[in-house]
Structures are given as C-alpha cells and as structure tokens.
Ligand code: NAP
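Shown here is one chain on its own, the form predicted on its own, set out as structure tokens.
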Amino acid sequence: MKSILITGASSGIGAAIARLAVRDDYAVGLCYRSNRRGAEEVAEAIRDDNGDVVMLQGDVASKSDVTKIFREFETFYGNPTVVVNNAGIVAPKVRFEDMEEMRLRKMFYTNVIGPFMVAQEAVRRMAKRNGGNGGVIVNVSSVAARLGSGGQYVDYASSKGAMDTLTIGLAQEMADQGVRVVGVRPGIIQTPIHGKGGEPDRADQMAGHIPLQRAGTAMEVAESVLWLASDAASYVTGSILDVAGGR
C-alpha cells in the first residue's frame, strides 16, 4: 500500500495534495496543528472519494509532536512511502530592521527546524541503512527563496532558502539509500496564507506582475508534488521545481 504523510494539510496547498493523493491510491496521513475544522473537511472529502485517511494533530515546531505524528501514522499505515514537508507560516510585511526576535524565532522554528525534524523522522524510517524500503521526501519551498522579498518578508524568504538547501544536501546524503529528496517552489498561489500575512487580496493584486498574468492554484502545485513523488520522476532527486507562472 502506498502512503503519504502531509504536514500543514488542513488548508491551501497541503489540503490540495491530500485530496489529489487519494486519486493516486495513496492512504493519507493528514497533519494539522490547530485548524481541526479544516482538517475534518479535507478528511471528509477524501472519504467521499473512497479514500483512506487519518488525521494527525501536532506542531512541527515541537520535536515530541513530530515523533508522535510519525508513530501514530505507523500504527495505521506503517512506514510512509512519501512525506511532504509543507507546513509553514508567514507574518505581516515589515522592514528587516523592525523584525522582532520572537517573530524570527517562531518563523525559523516552524519553517526550518520543524521541516528538518520531519525529514529526520522520515529518513529514520525510509533509509535502507535503517531497514527501510526507500521513499520520497518533497519539501515545499517558495520562489521567495530566490527573490528575497526585500521590504516584505526577508525572514520568510530566508527560511525557504534553508528548505532549498535541505533539499539539495539531503538528496546527496540519501542518494544511495533509496530515498529521493525533491522540492517545489510555488509562486503566487490562491491560498489562505496571504490573509495570514495581512494581505488577503495579494494573489489578485500581484497577477499583473506574473508573466502568465494570473495567480496559480493549490491544485496546480499539488499536481507537481504528486508527479515528483511518482515513479515517473524516478531519476529526479536534489531538484527544485518552480511552480510560479514564470516569475
């Protein structure tokens, strides 16, 4: 049985990945931190599609929660075939010199340390040297990693730059262990994250600055993630795919 564990899956890109994965015959581990209602709605949609899903509550910024998530997943589906490192946060626009310490700590604990711990738990179960059968880790980054987001979210962009480095470095370590590590860099996507950053209309406002002249959809990112996770991408590792409309 193929199985996929997705962090940050109660809305946006994570939810789209979960809904699409069931159509590729994955059993789904749907991880969420606090949006239980959103997670329940995604789980219900998966069950309506005759899919197999389990909801897993926890904060990726907590090591004990990450361990708990994986152990609970194992009781249902064994070791995951695919792990999608999607959970992340953004904060309101602010100039670099005005970023407070607590904002920076929260950003990097959630967007960097959390995904590192998720990837560690995945490797402990997937790597051949640990008795695993291999697998795929997909890291969800952002084009902000290469654009910098000056005057807006330099902290967020920097955290996603760390995700890109994780993808490349871990792919090198895991190449002989049966584990592929890949990434996607979404651009401006129509998801609730813009509202969390204080700009709910940002996707529409930015459309004219995108070469394709529109924002992307969460499902378009999900399609890319599921392709990277599939056997069709079996010779792809250490690569990061931009899903950004040319931006």
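Because the structure is predicted, anything quoted here is derived from the model rather than measured. One rule holds for the numbers: they count along the sequence shown, beginning at 1.
Heads up, the form predicted in complex with this ligand isn't pictured, but that's what we're talking about next.
Of the stretches 154-162, 73-81, 92-100, 125-133, only 154-162 has residues with a heavy atom within 4.5 Å of this ligand in the predicted complex. The contact residue chosen from I189, V179, A27, A222 relative to this ligand in the predicted complex is I189, the criterion being a non-hydrogen atom within 4.5 angstroms. The listed set S64, S34, Q205, Q213 contains one residue whose heavy atoms approach this ligand in the predicted complex to within 4.5 Å, identified as S34. A residue is said to contact a partner when one of its heavy atoms sits within 4.5 Å of a partner heavy atom; A87 meets this definition for this ligand in the predicted complex. Interface membership of G51, defined by any non-hydrogen atom within 4.5 Å of this ligand in the predicted complex, is ruled out. By the criterion of a heavy atom within 4.5 Å, T167 is excluded from the residues contacting this ligand in the predicted complex. For the chain shown alone, A43 is not a contact residue for this ligand in the predicted complex, no non-hydrogen atom being within 4.5 angstroms.
The partner is not shown here, but in the predicted complex the stretch 131-145 reaches within 4.5 angstroms of this ligand through a heavy atom at V140, S141, S142.
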